[in-house]
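Quick heads-up: it's one chain on its own, the form predicted alone, in structure tokens.
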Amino acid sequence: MKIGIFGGTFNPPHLGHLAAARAAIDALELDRLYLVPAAIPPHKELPEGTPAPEHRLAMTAKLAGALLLPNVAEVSPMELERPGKSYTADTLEQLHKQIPGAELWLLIGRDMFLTLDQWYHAADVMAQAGICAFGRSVEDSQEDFAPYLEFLEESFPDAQVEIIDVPGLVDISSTRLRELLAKGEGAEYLHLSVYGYILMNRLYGTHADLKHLDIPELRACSYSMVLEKRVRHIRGTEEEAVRLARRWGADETMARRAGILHDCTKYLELEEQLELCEKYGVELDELEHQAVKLLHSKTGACIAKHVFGEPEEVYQAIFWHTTAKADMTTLEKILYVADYMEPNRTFEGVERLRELAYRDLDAALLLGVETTIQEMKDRRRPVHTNTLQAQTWLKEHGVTVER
């Protein structure tokens, strides 16, 4: 197994780190890449205002998730959990014990590469792992590495070194990025979920008013609350909701904001969902106390209202986007249907639903409700009473779906 180790303070992790990680995975054909935030870096002190270790770990985990390679890239807390300074030699030794026989590769930027011979137990580092070095700025080139590479080959004849190019290199230092964030700038150098995490936790001197966020900031915060694989669906639902709002005369901004936030609590466990429902006074029936999939619409609505200051119309649209209900508003119908048939959905019958949504919104809603009812019956699972009531109400008001 070929394993890459990408260490650093990740303070914060930014798009430059992401580009380097992606380039190394491709160039070295890595089976696994560990991103390893340092607890106490040996070569420098952490600057004042550095977030707590758990924040740096969480941000780095989001960066790993951004690679969309869950079986390859992951964050490791090994240096944060190990007391004392975070020496690379110790990390490599620990990995060799954990994964005997693995081929290790250490990823380092040009600035650290040019001091490699001065590292703690440098010979051990190069004996335990290959070195994969890359430029950190647009000025760095392969030729810049040549003199030091020649020195290493003479001083450490057994060292294995690869110099790689990083396509899409993002030229920003963490120091400069922290300065920009403190001034309300720098978002363009961060993956959206990392930026959202920073805003949500008010790191690096940011002071976002979560109840008055503009659309890009709201999007970043929403994405920071979910797994990366969910982002495509959320963005698709947002875009579809806006198109439907335009078609049916609903408020496009409310539709957009509802789409952005509708799945923000999707990945909370049952206990966490129940705690939020209790906190915000949401009454649950017997089925909802057991079925976690029914709860994210309710807790997501509460977060939208109480954390992000969204109006009642957005709250209600998110609240009912999973089960539907009798006598829904236009915005509620739009979010339900948009969530069901956004562009990334691929189930049988989705094209019919998409065509119907722009011709007869009520018929599209009924088709979605009846599809859900049939799916639950096929899986021998209970259908929520609000879904059945939605079906009954629509039929009683003359809504039909052509068979």
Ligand code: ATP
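All residue numbers refer to positions in the sequence shown, first residue = 1. All values reported here derive from a predicted model rather than from experimental measurement.
In what follows, reference is made to the form predicted in complex with the named molecule, a form of this protein that is not presented.
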**OP:** Quick one: from Leu92, Ile172, Met254, Leu80, grab the residue that has a heavy atom within 4.5 Å of the named molecule in the predicted bound form.
**Re:** Ile172
Subject >> Residue among Leu190, Val75, Ala250, Ile108 with a heavy atom within 4.5 Å of the named molecule in the predicted bound form >> reply: Ile108
**OP:** Decide whether Arg359 counts as a contact residue for the named molecule in the predicted bound form under a heavy atom distance cut-off of 4.5 Å.
**Re:** no
**OP:** Report yes if any heavy atom of Ala122 sits within 4.5 Å of a heavy atom of the named molecule in the predicted bound form; otherwise report no.
**Re:** no
Original post:
in the predicted bound form, does Arg243 have a heavy atom within 4.5 Å of the named molecule?
Top reply: no
Original post:
Can you check whether Phe134 is within 4.5 Å of the named molecule in the predicted bound form, heavy atom basis?
Top reply: yes
Subject >> Partner contacts for 9 to 36, taking the named molecule in the predicted bound form and a 4.5 Å heavy atom cut-off >> reply: Thr9, Phe10, His14, Gly16, His17, Ala20
